[in-house]
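Next up: just one chain, as structure tokens, the form predicted alone.
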């Protein structure tokens, strides 16, 4: 049985380590420290933790001021608030001056579940990747979230990292490295490439098994950085298999699907299918119910791959 871990717990673990090793790191939260796990940093370095309350826009203003003073600042809240409510502040106070602010959001996507549409961020990647100077990271599991936290701390300039609420299957090893801007080949295949991000990488792995039972060889690629996109890896995969599927717990508009499509249309056009939410809000339900309703299951990814392979054959 595949081990499952909560990404935000490992974000908190990484922050606690940064509290002990990096005196320049300051952490801000907007009344959700126990949920985002920034509380782990507070336990180690309470003098460098700022609870701003339910004032997300002000949190970004405070973060930009601290960063302008030479601090490396992590600012956390739920993804729907971190990006939607604060977009103008991020644009003008963080992205434009290229300040060293790391916006790390939890509770993204429809796996937030019963909290419903108001709390299910399905647009956050689109919002953040449209901003100049902002790197966008979407780790596949808890171990990658841990490693990515140190990487964004070391990277100069603005970063956005998204994580879910629930447990995510583990697909990387503890201690595996992480590089911003690099896509990772999880498994090789010759007929179609499945590009996944976040917990959908595991969905791609399961979809590859389904396809294998139908004699379709699927390559799986973990796109854990949406921006800067690993264009070389995307084009190499497209040339190798001749068609592609993207899978994301996010709208197909402006997210991974859009980013990969941009690479392909400019560099090596091949048949492509996108798996994600289709220009819609979510609703209340269990994560399993919602993944099934909105077509984000391994079965849906496999079906998209079959369509892509069929289009390749026609072309």
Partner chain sequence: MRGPSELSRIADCLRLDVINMTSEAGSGHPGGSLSAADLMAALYFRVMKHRPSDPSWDGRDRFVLSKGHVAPVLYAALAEAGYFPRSELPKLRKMGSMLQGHPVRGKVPGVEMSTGSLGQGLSMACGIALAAKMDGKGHRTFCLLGDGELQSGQNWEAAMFAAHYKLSNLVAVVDRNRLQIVGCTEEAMALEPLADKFTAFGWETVRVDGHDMDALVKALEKPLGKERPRCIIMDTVKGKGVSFMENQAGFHGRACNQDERKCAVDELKEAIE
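As the structure is a prediction and not an experimental result, all values here were calculated from the model. Positions refer to the first chain, counted from 1.
There is another form of this protein, the form predicted together with its partner chain, and it is not shown here; the text below is about that form.
Although the partner is absent here, residue 99 lies within 4.5 Å of its partner chain in the predicted bound form, judged by heavy atoms. In the predicted bound form, at least one heavy atom of residue 58 sits within 4.5 Å of a heavy atom of its partner chain. Interface membership of residue 265, defined by any non-hydrogen atom within 4.5 Å of its partner chain in the predicted bound form, is ruled out. Using a 4.5 Å cutoff between non-hydrogen atoms, residue 89 counts as a contact of its partner chain in the predicted bound form. The stretch that touches its partner chain in the predicted bound form, counting heavy atoms within 4.5 Å, is 49-57, out of 49-57, 32-40, 257-265, 278-286.
Interface residue among 182, 119, 71, 155, judged by heavy atoms within 4.5 Å of its partner chain in the predicted bound form: 71. Among 93, 149, 111, 83, the residue placing a heavy atom within 4.5 Å of its partner chain in the predicted bound form is 93.
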